[in-house]
Every structure is written in C-alpha cells, then in structure tokens.
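The chain that follows stands alone, in the form predicted alone, written as structure tokens.
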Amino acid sequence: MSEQRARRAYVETYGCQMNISDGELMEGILEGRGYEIVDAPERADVVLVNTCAIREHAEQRVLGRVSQLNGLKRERPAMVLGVTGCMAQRMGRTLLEQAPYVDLVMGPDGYRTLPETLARLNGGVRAVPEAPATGAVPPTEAAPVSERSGRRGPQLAVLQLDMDENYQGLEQRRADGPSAWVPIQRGCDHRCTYCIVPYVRGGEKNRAAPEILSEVRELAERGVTEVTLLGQTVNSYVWSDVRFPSLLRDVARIDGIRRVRFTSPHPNDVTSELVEVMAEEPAVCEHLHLPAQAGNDRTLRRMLRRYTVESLLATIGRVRVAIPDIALSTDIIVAFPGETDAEFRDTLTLMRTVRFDEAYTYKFSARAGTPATRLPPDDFVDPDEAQARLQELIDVARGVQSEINRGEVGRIEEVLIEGEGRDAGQIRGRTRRNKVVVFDGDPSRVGSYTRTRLERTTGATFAGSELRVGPREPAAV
C-alpha cells in the first residue's frame, strides 16, 4: 500500500508585521507536525486566512476574500477553511454566523493547539501526534449555524486569551531572504481609546531574553543579516532584569547580524538609554518609527496616549541630537471623535515642524469594544469631512517626504538587496535609513550588500546607480 501523502496547508496573511510573523509561526507549527506548506489555496487541504482587526476596511476585505474561498470549498468539500488572528478574536462566533462556510475561527493565543484543533474538524487530519501538554484551554465547538448552511460536521471557535502564552519554544517557518522578523513581545498594556489590540491580543507578554538571543544567533547562522524586533510597544519590553535597550544592544552585537531594526515603539519609552544604544551600536539602523497619532494635546488626551506635543518634540529633539542622520516615520489618525478643524490643523503643523521622512496616515475607524465608540454621537466627524482631512494630511506628508528625498539625491548609501525591481533588469534594495532604492542588477544577488548613489527620486522611492569599484566613499556626500 502506498504511503498517504502529507496534508497540505496554505496561510494567507493580512495586516501588520506582527501578523506576518504570526503567519510564519502557524506555518512552522503545522510543518513541524507533518503538514506540507503550499503557495496557493487551490493546492491545500487546509486554508487559513490570517487577519487584522485594526480597521473596518481590513475586515471587509477579509470577508470578501473568505467568500471567494468558499467557491473553492464548494468544489472540494473536504477542505478546511479557517479564519485566524485579530479579526477572528474580535468577531468570534459572529463570524461563523456571517460566514457559515467557515470551519474554524481562532484567536492569536490558540496557535499552539492548531494541529489538534484541525484534527477535530471534518476533513482535518485524523492522526496527529500528541503534542506536549501546554495548559491551554481546549477549543470549544460551536453549535450548527443553520440548516440552510449545508454544513457537514462541526465548526470550532478557539478564542480564549492566555496570559502566559508568548509562543516560547515554537519555531517559525521563515521565508527565504536576508531579513527576518523576531517577535519579542505579544499584547499591550496601553489602553489607547481607539485601539482594539489589547482586546484581541491581551496584555503585554514578553519572551525570555535568552530565547530571543538564541533565535537571532540561529538566524545569523542561516545567513540572515538583518533582524527586526517586533512588539506592540516594543520598547516597553522587560524580562527579569533585562530591559529593551539592553536586549537591543545584545542583539546588535551578535556575530553575523549587520542590521537591527525594531517596531513599533511607544514615544513614552524612548529613554535616554535607548537613544544611547541606537547611537553607539553600529548595527542599529538610523531609522525610528515613532507613532505620534495626533498633533494636538486635547486629542492626545482623548486618545489616552499619555504624552503631550511638547514632550513628543523633546523626545524627537534628543534623538536627532544623538543621531543627526536619523530618518523618522510615524502613524497619524485624523477625525478622531471630537477633533475640531483647528485641532486637525495642529496635526498638520506637527507634520511640517518635525518633517517625518514617511507617514502612515489613517482616518479614525470605530472598532466595537474600544472606549472611543462610547464617546457622544455628536463627537463623530462627518465622513466627508474626515475624508477631506485625510487627503489634506496625505498631501502635506507626501510634500514633506518629497522635499526631504530630493535633498538626499547625490548621497551614497549602503543598500541591502531585497528583490527584483518593477522593471526587467532592475533590483530593489533598502538603505539603513529605510529608503527604497531601485537600480540595475542581477536578482541572484538578493541578500548581498552594495553601495549606490541616489540619482533621482519619485518622491517616495529612489532610482540609483551601483558603485562597484574604487576607494571607500563616505556614507553621504
């Protein structure tokens, strides 16, 4: 009798870097239990859509995608269709009611039990090796949604938040390439009034520092040269007597690691010690993502951000004194409930004052369960006005970015080659300051470092030319 083939799984991820890391984690767990990870849902026995819940638009996009995948499921009824991640945690069994063709909803704290959970589902694996006991709460079976759903077999919801789950001891399935995400923290202890994260990922849980350092060493041995430390408020990390600046320094000194980044920090935890490490350690990149969210003190108070515009500017000032060549990026939300036009214009003033190299801009999206949704109805900004503010913010942010980048034409930068460019014969890389550069080259060189001269810019990215020979030139001219 021929040996039965391995079950096949496909993970499709939406959202932030933490979600990308979680997708790699699920792939690693499944691969470790005998699954073959495939690159298309059409080839899979199990399809998992790994989701984000930060904004309503992201959730609507996922619902549309899951509906599409239901067409594939109709053709192959034994296929297991699951929704995982923050949206699954937020919606829970409601998602099973809205999309009765979904077999599984699983929140971020359930991944350790993923193989056992799949084994319980119709069409799931029937012979899964026993996993070590973890203390995790077992999945719960949802009642049938309706007679009309045409379902055969159970639906499962795994939604318990586990305050001890930081995924310690689990290995991610890393994508090939020179860079790797390294999660060091899960959840968040802040309660920003607009943010769903604490309610879908729970409170802050930090991994053991020795395990993090061991993981980075293993990555370096595999040829990874750039790591990004991940956390919801990454610089609030503390484990035993190890705080984030100390961990960052230790990671930066691991043999083989040439670049270290981290995201996303909270402005309140940008300490003098952290700035000192960033300035002193050659491997720490000259880039800081600093989510400002707004440029008005009243709005920041209503957001529960716990800093003022003055203190934010003071922090940025300290960083720029210590690291004059630092590139700054930020997140900004417009039309938060109660924001007046004058307060919005304070945010535009902040953008022009700080001159961020890049800004990720959003209009407020109400998330059920967050405190902001309980603000008085009259506080909510008219949707057309909110869109107009967002567009004005985008125009200001792009204008500043274009001015900064035009001023950097002529610089010579070290570039890590990351992949192919859009046009044939071009490759794409990233500078230490997180600027994207496209230049002529061979895609087989992905993972190597070179120096390029920045020759022109489209506003957001650069076109450059590679410097192959000659004496070493300064990092910037």
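Residue indices: 1-based, along the sequence shown. Predicted model only: the values in this text are computed from it and were never measured.
Keep in mind that the form predicted in complex with ligand SAH is not shown, yet the notes after this line are about it.
Put simply, of D331, D269, E218, E276 only one has a heavy atom within 4.5 Å of ligand SAH in the predicted complex, and it is D331. Only one of Q155, Q293, Q401, S236 comes within 4.5 Å of ligand SAH in the predicted complex through a heavy atom, and that residue is Q293. Taking the partner from elsewhere, C195 is found to have a heavy atom lying within 4.5 Å of ligand SAH in the predicted complex. For the chain shown alone, I417 is not a contact residue for ligand SAH in the predicted complex, no non-hydrogen atom being within 4.5 angstroms. In the predicted complex, ligand SAH sits beyond 4.5 Å of every heavy atom of T113. By the criterion of a heavy atom within 4.5 Å, S246 is excluded from the residues contacting ligand SAH in the predicted complex. Site residues R55, S264 and K363 are all in contact with ligand SAH in the predicted complex, judged by any heavy atom within 4.5 Å.
Only one of 418 to 426, 47 to 55, 27 to 35, 447 to 455 places residue heavy atoms within 4.5 angstroms of ligand SAH in the predicted complex, namely 47 to 55. Of all the residues from 220 to 244, the single one having a non-hydrogen atom no more than 4.5 Å from ligand SAH in the predicted complex is Q232.
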